[in-house]
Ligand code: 0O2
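The data below hold one chain only, encoded as structure tokens and taken in the form predicted on its own.
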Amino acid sequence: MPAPTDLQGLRALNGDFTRFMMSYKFGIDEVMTKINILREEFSHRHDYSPIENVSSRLKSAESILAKADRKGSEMTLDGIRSDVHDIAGIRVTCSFISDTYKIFDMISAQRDVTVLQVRDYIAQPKANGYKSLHMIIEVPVFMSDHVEQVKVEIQIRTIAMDFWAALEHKIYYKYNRAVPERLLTELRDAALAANRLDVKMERLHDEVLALASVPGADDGVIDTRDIGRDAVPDAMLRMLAAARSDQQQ
């Protein structure tokens, strides 16, 4: 059995690593809260939000150590914290390419958000056709005894490109990164097709917005947040009044 001093050392190391991981978990919580507030506030102000979906992930200990080893990092918590920037990750999906930049601007404008790095794979796509906007930010996390500056990676991409990226990830995992050239070619073609779809859908969306002043038909759907806000139609009020009168007779 380990000596008591060894057990105490192991407990201390385990506690340090737990706090290390919790700080990234809290960093995700902070940024998720910010993004969800922006999403709801934008919807109320503009009847539309560029944010379609938000998800998060926290790297496992094994994945963190493997990446730190690949980067040649010092194998200490401070060394890992300094070199590995995607321990905490958030993915934001949107409908249109232009929305990715709107989301980027909204996040960057937060007073306590520091943008450390930006990789614009939309303006400069990867060789495999991948298009996305990546940013590394730093946010303060208020712990019980200190404030921790935590790095969070945010990936912003369209729904079409998110679907493509999910499939590409599965293929690389299935083939243990040794993907046959035929599949790589098809993946590049699929990425180009996804981008063409993004461009076409945004053009159609812009045309619809240009017709905003033209009255259209009611789509028959109400946003549940509008219950009690909109006036009840006169025809509905008359119908209810007549029904109540019949019941009282």
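Keep in mind that what you see is a predicted model, and the values were worked out from it rather than measured. Numbering starts at 1 and runs along the sequence shown.
Not pictured, yet referred to below: the form predicted together with the ligand.
Undergrad: Classify residue 86 as contacting or not contacting the ligand in the model of the complex by the rule of any non-hydrogen atom within 4.5 angstroms, answering yes or no.
TA: Because a heavy atom of residue 86 falls inside 4.5 Å of the ligand in the model of the complex, the answer is yes.
Undergrad: At the 4.5 Å heavy atom threshold, is residue 126 in contact with the ligand in the model of the complex?
TA: Yes, residue 126 lies within 4.5 Å of the ligand in the model of the complex.
Undergrad: Residue-level contact is defined here as any heavy atom of the residue lying within 4.5 Å of the ligand in the model of the complex; does residue 165 satisfy this criterion?
TA: Taking the distances in the model of the complex, the answer for residue 165 is yes, it comes within 4.5 Å of the ligand.
Undergrad: Verify the contact flag for residue 57: yes if a non-hydrogen atom of it lies within 4.5 Å of a non-hydrogen atom of the ligand in the model of the complex, no if not.
TA: Yes.
Undergrad: Which of 142 to 150, 165 to 173, 98 to 106, 74 to 82 has heavy atoms within 4.5 Å of the ligand in the model of the complex?
TA: Residues of 165 to 173 come within 4.5 Å of the partner.
Undergrad: Do all of 33, 42 and 48 end up near the ligand in the model of the complex, with near meaning a heavy atom within 4.5 Å?
TA: No: none of 33, 42 and 48 comes within 4.5 Å of the ligand in the model of the complex.
Undergrad: Taking heavy atoms and a 4.5 Å limit, what residues of 115 to 148 are near the ligand in the model of the complex?
TA: Contacting residues: 117, 119, 121, 126, 128, 130, 134.
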